Each structure stands twice: as C-alpha cells, then as structure tokens.
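Just the one chain here, laid out as structure tokens, in the form predicted alone.
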C-alpha cells in the first residue's frame, strides 16, 4: 500500500511518527499552514513558520524517504486577529516557492467578516498564481459553513476542480461534489471521521474526487489513520486498485494541478532509518 497524505500537520509530529509512517507505506505528504495552538502576535512569527514549512520540514521528511510539500496561507482562525492580517502581504512571497502546491488552509472558523475578507483575498492569490486551493470548513455549523464556502469559491472565479473543501462529513459531501470541487475527509480517533464511516461514504459516492487525510494536528490524532482507512476499505471488499486510487492517485491528481508536485523516487523503499542524522539525534 502506497500512501500520499494530502493534509497532515507534521510540525506537530515527532520523528517516531515519521518512522512509523514510512514503515506503513506513506511516501508523500502535503502540510498546510495552520494555527499552531497559541496566538501569534506579529507577521514575523508567520515568516519563521512558513520558512520551516518550505525548508526544515521537507528536509526532516526526506530523512525517512517521504516527499514533503506545503500549502501556504493565513489560516481562518487567525484572520480574526488584526495583529496577524498583515501577513496577507507576505503570503505571495511563499506562494512562489517550488515546494508550495496550493493556497491553504483558507476558509472559515467562525464565519466572520474578517474571515470573508481573508478568504476572498487568498482565493484571488490562488487564481493569480495558478495554484489549487485547500479550504477549511468550520467545526461548528458545518453545513452552513460549507455552503458559504462554496458561494465564495463561485464568486472568486477559480475553477472548482482546483479546490478541495476539507473536513467534510455525511451532511456536506453532496453539495461539494455537485459544485465540482474535491471532497476532503480528515480521519480522527474520536472526532470528525472514522475509517468505518469513510468506507460507507466511499461505498455510496465512489472514489472520484475524494481525498482522505489524517490531519494529525496538536490534538488527539493519528498519522496512520490513512493506513487504517485503506485496511478498512480492503476488509469491506474494495480492491487494492480502489485503495491506491483514494490514497495515492487522487492526491497526486489534485496537487499535480499546481505544476510543482515532485514525486521522483518516492515509491522506492525508504532508506535505513538507523543511519539517518535525525535518528542519531542530529539535524
């Protein structure tokens, strides 16, 4: 089983996680810019974080045979903080980086007017840079937030096939697929979506324009739940080719639209971890 996790916050994960992921078949990841758990107080802290996403984290992943790409944005939660909004002037500098394959996470947290402004501005950047967009749907009032997100996508003029609406559930997938966008699902131990629920969705809707991710952020999460979803698919009668489509070919197809996806050699077995500088405690 080869796995491309299209949305995973490796900044919040350990070296042991990278080792376990590589051993389980994870060969590529996309890490979206997001809230880091504590409020940032100035654009400079975003610059340091973005530098890590395009510099340090790809290096860390490469030690374990995993190809790392990123998406860059001012996230919805911090779009409400006036100390952070000047980072919108900084984002385009990073959207030009070769390892950045989308604008994201953008969208809604509390569905405020400030979030409206940041969302629209960054969709315009996605159009300007010919990049896909990764849209975060709110954890509360998800259906209304998803409907509002789709309305903003239409207003922006971006091709809906270049947009993934993420963190979906059984109540929101219909309108996303009908709108022509990709449908993203985050698999969590207790919240959002479980492997078994994901399998039921795949039985009903098929495997087209579906992205499955682990998100794996600061809260209780598991970077191997993509693997568990693949196993659940096989147990439910899906073929290995179905699993490969959902967990590998679909994320490749979506992010290839950036023109920057680089997956050279990632399907080869990962190098020995014991000799890597990270495994020895170095850089």
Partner chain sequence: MSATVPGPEPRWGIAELRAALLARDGGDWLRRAEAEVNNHPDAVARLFAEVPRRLAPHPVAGWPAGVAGRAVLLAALLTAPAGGPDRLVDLYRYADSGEKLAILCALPELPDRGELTAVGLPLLHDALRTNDIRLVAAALGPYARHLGPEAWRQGVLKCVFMGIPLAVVDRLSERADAELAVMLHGLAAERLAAGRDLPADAVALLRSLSGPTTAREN
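What you are looking at is a predicted structure, and each value in this text was computed from that prediction instead of being measured. Numbering follows the first chain given and starts at 1.
Below, we refer to the form predicted together with its partner chain, which is not included among the displayed structures.
- Screening 163-171, 118-126, 96-104, 206-214 for residues having heavy atoms within 4.5 Å of its partner chain in the predicted bound form returns a single hit, 163-171.
- Across the proposed site, 81, 109 and 139 without exception bring a heavy atom within 4.5 Å of its partner chain in the predicted bound form.
- Note on the partner interface in the predicted bound form: the residue among 35, 50, 238, 248 having a heavy atom within 4.5 angstroms of its partner chain is 35.
- For residue 56, no non-hydrogen atom is located within 4.5 Å of its partner chain in the predicted bound form, even though that partner is not displayed.
- The shortest heavy atom separation between residue 44 and its partner chain in the predicted bound form exceeds 4.5 Å.
- The single residue of 202-220 lying near its partner chain in the predicted bound form is 218, the criterion being any heavy atom within 4.5 Å.
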